[in-house]
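The chain below stands alone and is given in structure tokens; this is the form predicted alone.
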Amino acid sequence: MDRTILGLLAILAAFLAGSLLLPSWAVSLATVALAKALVILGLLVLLRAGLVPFGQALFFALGAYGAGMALREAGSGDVVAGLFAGTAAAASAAVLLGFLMARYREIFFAMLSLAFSMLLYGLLVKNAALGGTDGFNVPAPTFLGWAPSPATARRVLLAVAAALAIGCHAAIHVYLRSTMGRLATAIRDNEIRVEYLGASVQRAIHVKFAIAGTLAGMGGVLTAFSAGHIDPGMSYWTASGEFVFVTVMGGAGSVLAPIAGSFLFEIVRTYAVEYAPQAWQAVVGAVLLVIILVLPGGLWSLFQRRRGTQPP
């Protein structure tokens, strides 16, 4: 069996065990890290094609608000229904915006994505029905009618997040090895040659943009359930910057890299806030600087060096 798939299965087993054994704070940290790893996985798909969006928080927030609004109207906290509603909202927006975004490259692509994200932020801040700047609370998570205690719900949510995240990582691994997935590096290196080969660059980028937006929406839903609260800050430019930050930290060499980068970031931030609350951003920035200087290809380049391979 493929070593990456085996690695993902091992990670899934570890998380399922962790959902039973980890302390409560670690369960919450792991759930958020897995949720954000989904966003970073989508960025990896775009990064391989040479595209770096600075507004991925747009879909992250759309997923969270889509789930929160649907559940608030339904008067329940069903995780399955929330995932369906939030992911559908983000995916729909990604497909529609993809028609426009697929026409742009480099800094224009990055800034246009940021503009849409900040537009959503402005709308959410001014919308009193959605709580304005304060946002609103998400109903306590339930699972197909089962309403466990809060402590048990957190552990079940981690198991759900692990199964969903690992499944998506495995699917993207298969996609990246497909013809459409392998077009990414060719698009990054020379779009004109790709067109000469008979492939549509715009269509390929549109598909990748839609995939990235869908994954970000799914991550937003899981984050909303884990935090129990949604606010406009989820669409702010700093959230998008954090996702790019972690993508660079993890690297783009494997679908395992987003998980490694996301967990390192959450662990570093948790301890930095605990022991250096007035300077935690500087601590996190210093960690990224060290990684860039020592490992320009991100954390995953450590494994590539050991195996004698190069990043794609």
Partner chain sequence: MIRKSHSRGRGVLAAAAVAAVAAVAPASAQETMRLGVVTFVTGAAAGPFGIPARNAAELLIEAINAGKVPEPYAAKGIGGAAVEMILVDEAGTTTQVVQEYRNLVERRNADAVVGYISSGSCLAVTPVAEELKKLTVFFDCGTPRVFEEAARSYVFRTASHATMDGVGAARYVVEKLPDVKSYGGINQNYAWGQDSWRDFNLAMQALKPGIKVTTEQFPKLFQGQFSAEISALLLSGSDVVHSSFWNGDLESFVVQQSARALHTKSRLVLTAGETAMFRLGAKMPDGVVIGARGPFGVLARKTPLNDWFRQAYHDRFNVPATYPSYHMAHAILGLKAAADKAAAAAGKRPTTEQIAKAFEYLEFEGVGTKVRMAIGKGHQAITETAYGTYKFDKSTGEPTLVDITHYPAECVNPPDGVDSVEWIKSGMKGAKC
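Numbering follows the first chain given and starts at 1. Quantities reported herein were computed from a predicted structural model and do not represent experimental measurements.
The same protein also exists as the form predicted in complex with its partner chain; that form is not shown, yet it is the one meant from here on.
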Against its partner chain in the model of the complex, would Phe136 count as a contact residue? Criterion: heavy atoms within 4.5 Å.
yes
Using the partner position in the model of the complex, report whether Asp231 sits within 4.5 Å of its partner chain, counting heavy atoms only.
yes
Close approach of Pro148 to its partner chain in the model of the complex, 4.5 Å, heavy atom
no
Decide whether Lys126 counts as a contact residue for its partner chain in the model of the complex under a heavy atom distance cut-off of 4.5 Å.
yes
Output flag, Ser24, Ser28 and Glu274 jointly within 4.5 Å of its partner chain in the model of the complex, heavy atom basis
yes
Counting only non-hydrogen atoms, the one stretch of 136-144, 199-207, 84-92, 167-175 within 4.5 angstroms of its partner chain in the model of the complex is 136-144
Which one of Val32, Val255, Leu51, Ala260 is close to its partner chain in the model of the complex, taking close to mean a heavy atom within 4.5 Å?
Val32
Within 4.5 Å of its partner chain in the model of the complex, which residues of 276-300 have a heavy atom? Give them in sequence order, or say none.
Pro277, Gln278, Trp280, Gln281
